[in-house]
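Okay, here we've got a single chain as structure tokens, the form predicted alone, with questions on binding and movement later.
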Amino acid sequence: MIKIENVVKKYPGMERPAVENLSMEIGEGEICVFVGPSGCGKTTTLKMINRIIEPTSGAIYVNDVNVLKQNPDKLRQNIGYVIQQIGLFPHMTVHENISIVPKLLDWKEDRIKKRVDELLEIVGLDPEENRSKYPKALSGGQRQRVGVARALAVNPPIMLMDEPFGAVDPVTRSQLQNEFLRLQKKIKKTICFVTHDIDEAIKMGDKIAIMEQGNLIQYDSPENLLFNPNNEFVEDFVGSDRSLKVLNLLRIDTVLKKDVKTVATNNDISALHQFFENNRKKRAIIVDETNKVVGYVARNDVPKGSSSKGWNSIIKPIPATLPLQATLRDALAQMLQYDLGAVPVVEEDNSLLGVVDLDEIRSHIGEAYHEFGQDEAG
């Protein structure tokens, strides 16, 4: 989908090129993450793909067409672009921000409205509630979602994302990462993604390009970067905590326990007595009649005998759930934060898919090292 050939970018007065003789290929539907220290050339490379910055020499092909021979405006209309500060126009509503490129392409208003509402639903924002809001009325995470929706407005085959989740708090950042991975499973775009965070790169990337002083040092899968670094720079940049970083390689579906015993609220409270008699667990996950998680009941909170207490008086909210796109590191973080031995995994609509527990994660780490051929590393 994207082919970069011998690309150089020199700025006047600089001792070395910002990007030096860069050559690489990015496959269709892949997420390629550019990572490296400040000034390494990663953002410059991203901006050369849509010609916000013009290369000094070399060629860049998108779908076998040299972008340097295309009209820059038409090129950019077919490439989605998301930046760290999002860049929403403050005087425009959410609807108006998302519809900028469709209007440039003379889409009819009813088509634009339909597309805006569709995109808001895709990124997890209620259209009725949000389309007429101005950016100042949105949280940082909501503005980020609108930025992604705007980049997807005309369904471009390629998206460029420059530190897209860098301006939000760590919890929101993890949620946005997971939501974007879920979204990518549906839209299958070719994505170039810039970050300074190697953990984010490992979690998000199909391929990772590590750059330093304008040079591409290693372009490889996350697994190979962790276990087969090209040189000392890559090894140092990846860091010594490879055991933890492996957790970001593994999705929770690898350890998901699907056969989970629950208690449904359309049963009598006596079902709880039976659950705890048959199981040694400290908590029961409570679902409604459609298998959506509504909370939990602790063993000590179950009413004695034929108490008249109803479900609402004993159900407590579950402190954390995870989407299927989360990693084992996400799961472990939730367990440590909330002192949990297991975390429910849910669909978008909160339907229960299963649980991930600490013992399963622990045993899976050794298997992961064995899979990657690094038994001695752990």
Partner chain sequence: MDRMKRGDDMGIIDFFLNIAEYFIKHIDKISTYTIEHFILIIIAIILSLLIWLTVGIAIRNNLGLAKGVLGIGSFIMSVPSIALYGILVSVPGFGLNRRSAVFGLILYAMLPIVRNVYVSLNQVDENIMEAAKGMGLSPRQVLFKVQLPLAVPVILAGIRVALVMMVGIATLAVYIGERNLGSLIQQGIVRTHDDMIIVGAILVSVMAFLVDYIMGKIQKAIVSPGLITDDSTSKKEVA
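Numbering follows the first chain given and starts at 1. All of these numbers come straight from a predicted model, not from anything done at the bench.
Only in words, not in the display: the form predicted together with its partner chain, which the text now covers.
In the model of the complex, none of the heavy atoms of F233 sits within 4.5 Å of a heavy atom of its partner chain. The closest heavy atom approach of F276 to its partner chain in the model of the complex falls outside 4.5 Å. In the model of the complex, at least one heavy atom of I83 sits within 4.5 Å of its partner chain. Within this chain, H91 lines the site of its partner chain in the model of the complex, having a heavy atom no more than 4.5 Å away. Just one of V101, V168, V297, L120 comes within 4.5 Å of its partner chain in the model of the complex, counting any heavy atom, and that one is V101. Residue Y134 is the only one of F237, W107, Y134, F227 with a heavy atom lying within 4.5 Å of its partner chain in the model of the complex.
Listed stretches are 310-318, 32-40, 345-353, 50-58; the contact stretch with its partner chain in the model of the complex is 50-58, by a heavy atom cutoff of 4.5 Å.
In this stretch, 225-254, not one residue has a heavy atom within 4.5 Å of its partner chain in the model of the complex; the partner itself is omitted from this view.
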